[in-house]
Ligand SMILES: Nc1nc2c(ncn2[C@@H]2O[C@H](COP(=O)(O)OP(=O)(O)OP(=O)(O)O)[C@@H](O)[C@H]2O)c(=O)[nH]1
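The form predicted on its own is given below as one chain in structure tokens.
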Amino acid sequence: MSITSASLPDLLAFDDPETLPALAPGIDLPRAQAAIAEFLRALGRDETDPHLLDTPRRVAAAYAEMLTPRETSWTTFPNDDGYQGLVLVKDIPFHSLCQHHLLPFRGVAHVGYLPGERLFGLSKLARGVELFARDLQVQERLTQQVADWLEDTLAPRGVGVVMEAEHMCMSLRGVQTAGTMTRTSVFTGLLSDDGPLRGQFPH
């Protein structure tokens, strides 16, 4: 099936339009859909097969969604009570796309900080992970970006980010080691050295 301008409005309808956020800058759905159709042909598949007719639209929409974080505000609050302990949110689920193979990797993040003068609402730690995960990524950079974002936004006394994920580029192809988990971590400030506070993170 060739994609024409007349067919684009119908083909670009998303499976669930109510849940799709505004697309990230630079995403061109018509071009992505045309590229997926050509990709299918290059793999020797007949895109006129009834089961593949809508595949270019679905794949383009899926990648657009996976590369677009949901909008949020980054409100912080004054640490009026002078809380000095660790703020740690564990087991934040996330998924991202390997920039080398465009295959997903998914797992959990553990994000914490030692407050200075400002605090985050707890949900913002999960939102921050999503902000950087919905991109073409490598896990090492993703971990560092989350830590840098916390440092820049809150100026805390210390930051800890641990991410654990299974990479489909290892599980489904190449070495094919299904179930293998990769762990990356960044610790800054007062969490840089081993101790009871850092010990609360998975290790």
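In this text, residue numbers run from 1 along the sequence as written. Computed from a prediction, not measured in an experiment: that's the story for all the values here.
Just so it is clear, the following notes concern the form predicted in complex with the named molecule, a form of the same protein that is not shown.
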Study note, to complete from the structure: Taking the named molecule as it sits in the model of the complex and superposing it onto this form, judged by whether 3 or more of its atoms come within 2.4 Å of backbone or C-beta atoms, we find the site open
Review point. Out of Arg118, Lys90, His100, Arg106, which one falls within 4.5 Å of the named molecule in the model of the complex, going by heavy atoms?
Key: His100
Exercise for review: Select from the listed residues Gln139, Thr55, Thr68, Gln145 the one whose heavy atoms reach within 4.5 Å of the named molecule in the model of the complex.
Suggested key: Gln139
Exercise for review: Could you tell me which of 23-31, 59-67, 162-170, 43-51 sits within 4.5 Å of the named molecule in the model of the complex, going by non-hydrogen atoms?
Suggested key: 162-170
